[in-house]
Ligand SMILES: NC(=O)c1ccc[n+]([C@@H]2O[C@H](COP(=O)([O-])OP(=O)(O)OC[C@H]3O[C@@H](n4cnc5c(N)ncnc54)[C@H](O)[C@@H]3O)[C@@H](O)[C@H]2O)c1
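In structure tokens, one chain follows: the form predicted alone.
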């Protein structure tokens, strides 16, 4: 597989290492200093592009790949209000697009457990309210994380009474200081608390709390390697296909 890496930060470098380990060729690397080279000429012969950049650049990067007939795997978060446009473009062009807010296998298992738990809480009641907390390194540019938004959407789909989410970002406050729902959060919304500190790769916690007990789902990523490996596996899955895919398709 001949791959292009779009975004050559820490994730991009880890993806390059995983590609080499799995016997693939990194034929093109696009970063800030050569962004103008993301065009048909340089993408010629590329089987799949793996895109991890910024919310401001992801849409244009993915669109360029699709317009050039190159399959693309993207994990950039914070811009997905326009994802449907690119999915439609992909279908129109007969291209291939794989998007996930998180490529870690454990996180995607968490997504499934999260949906199931929300449905169970809806069934049994018990006076539970729910909130989400995500902790990431200080260099992460979007808040809340795409993973936290996906968790919130899974709850909203399965828990009557929750119609949306709101973000609460207390800055440098540590995650363990969070003990109760903020008074300003409406009852029909899920509060997502975003914390940025140190070099934390990612911690996501879904908390259900009643007057009598507390129930938590938590996932902690130890390093970026698990994310990079998931993205490369997604690229292997996408190579040679047409259509729009996500982690549920890969896990099947």
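Residue numbers count along the first chain shown, from 1. Nothing here was measured: the structure is a model prediction, and the numbers come from that model.
The same protein also has a form predicted together with this ligand, omitted here; what follows describes it.
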{"query": "Options 187 to 195, 64 to 72, 40 to 48, 27 to 35; stretch whose heavy atom lies within 4.5 Å of this ligand in the predicted bound form", "finding": "27 to 35"}
{"query": "Single option in 82, 112, 91, 141 placed near this ligand in the predicted bound form, where near means a heavy atom within 4.5 Å", "finding": "141"}
{"query": "Touches this ligand in the predicted bound form: residue 207 (any heavy atom, 4.5 Å)", "finding": "no"}
{"query": "4.5 Å heavy atom contact, residue 150 to this ligand in the predicted bound form", "finding": "no"}
{"query": "Proximity of residue 8 to this ligand in the predicted bound form, heavy atoms at 4.5 Å", "finding": "yes"}
{"query": "Contact of residue 103 with this ligand in the predicted bound form (heavy atom, 4.5 Å)", "finding": "yes"}
{"query": "This ligand in the predicted bound form reached by all of 87, 98 and 232, non-hydrogen atom within 4.5 Å", "finding": "no"}
